[in-house]
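Just one chain is shown here, as structure tokens, and it is the form predicted alone.
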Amino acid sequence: MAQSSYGTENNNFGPGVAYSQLDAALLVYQEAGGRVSATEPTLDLSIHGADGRVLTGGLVADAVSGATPNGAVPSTVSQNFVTPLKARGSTASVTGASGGSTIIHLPPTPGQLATAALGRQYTVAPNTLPVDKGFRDHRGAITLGWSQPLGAISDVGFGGGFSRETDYQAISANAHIAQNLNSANTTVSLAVNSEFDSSSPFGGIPTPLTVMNAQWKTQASRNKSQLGFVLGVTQILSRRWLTQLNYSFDRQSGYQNDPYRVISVVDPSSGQPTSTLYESRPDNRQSQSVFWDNKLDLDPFVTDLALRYYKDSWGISSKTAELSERINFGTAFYLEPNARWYQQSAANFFHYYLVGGQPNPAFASSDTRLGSFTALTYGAKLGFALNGRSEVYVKGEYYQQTGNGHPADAIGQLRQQNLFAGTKAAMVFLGYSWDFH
């Protein structure tokens, strides 16, 4: 029937194409307080063959800029931070303040030519969260995938992707197999994914727990590899209830530091920062999670409730609950409010700061994304069907992250500082979807 309905004279991609779907979207993201902003357009195309074959492809491009926390603690006095300048080896003179930073001369590095070297210095005002206002990046990514039935197997497939940023690139590959059972009411699936990343930060790879400086480092890049799998079962429980249960395991090995993030060393009495060190994270990480999703069709409402539990070898465990409700208004409009609650414990090497005079631990990071916090995301999506084959939608969300900014063991002036500023962000999505022959 599909062959006769979608003959070669009625489709754009040749014989056997049942239908194709084009999805285009634009994300605009803005953090409160003039921090990070991002713009991300995406384009996805899937071509579905009448025999079950599916070809997918996607493109992503984004631009990110703004002020990002560098990991240091606030202080009652001004603080200066220095980073390498992109124009390494330049003989230009000092140009003064620009974009919140000042170009400074550096002494020549031992063993290198005694040419004029430059760095970038920025100053943070008293009682202010230290942020680097020079943060900006661009990323482009492409993905391709193929799947089809194979003999008695319901579906097999493979895919890959490539992503490139100014200082980071990732190559990924994946494969999956799925089998329908019980008159197609049950589906068992297994997906394997891998990724190879290379980090090439401006200024080179800093040595962990050494003093932050503007000199270019001798090691230009480091790599990270990842291998994992997802085992899942999807079950139709009734004509109105679909449930899915997944177990995932992931192992990462290699460079996992944020090369731009630092941690303060403070005076044991006053709590004033005395030095700033580059962070240090373990080179290995294993994680596993359980995900349970339920879709309930209660016409005209469609409810989606998902729960997730996660645990890794860094000591982080998290719980997630997500709820969305699709409300149809006739055949053209729908409204889909959603809410997501997330809570995690801190990594076993998370520290707000290190204390001077005490031995440094092997690993230490003040990245609040590795700390203990709770986050709430809520929003709504409004969609409109232009006809039976296309749809436009707009979606808005607000994200708020909260944690303990005043730990009981804070030292000296740190008692009056907020050590967990958290993140507040607004997101807007604009999208268009088109099914065509």
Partner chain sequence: MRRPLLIILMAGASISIAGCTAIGPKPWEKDLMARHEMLVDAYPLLIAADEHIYFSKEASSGGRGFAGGGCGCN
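Residue numbers count along the first chain shown, from 1. All of these numbers come straight from a predicted model, not from anything done at the bench.
Keep in mind the form predicted together with the partner chain is missing from the figure; the text below concerns it.
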Problem set entry | One stretch from 356 to 364, 214 to 222, 145 to 153, 231 to 239 that, in the model of the complex, holds residues within 4.5 Å of the partner chain by heavy atom | 231 to 239
Exercise. Taking 4.5 angstroms as the cut-off for heavy atoms, does L118 touch the partner chain in the model of the complex?
Worked result: no
Exercise. Just to confirm, K381 within 4.5 Å of the partner chain in the model of the complex by heavy atoms?
Worked result: yes
Exercise. K295 near the partner chain in the model of the complex, any heavy atom under 4.5 Å?
Worked result: yes
Exercise. E165 near the partner chain in the model of the complex, any heavy atom under 4.5 Å?
Worked result: yes
Exercise. Which residue, Y278, F350, F81, Y334, has a heavy atom that falls within 4.5 Å of the partner chain in the model of the complex?
Worked result: Y334
Seminar exercise, completed: in the model of the complex, the residue from T76, S253, Q244, T123 with a non-hydrogen atom within 4.5 Å of the partner chain is Q244
For this session: Report whether all of A24, Q226 and R308 sit within 4.5 Å of the partner chain in the model of the complex, measuring from non-hydrogen atoms.
Result: yes
For this session: For the heavy atom contacts within 4.5 Å of the partner chain in the model of the complex, list the residues of 393 to 427 involved, in sequence order.
Result: Y393, K395, E397, Y399, Q401, T423, M427
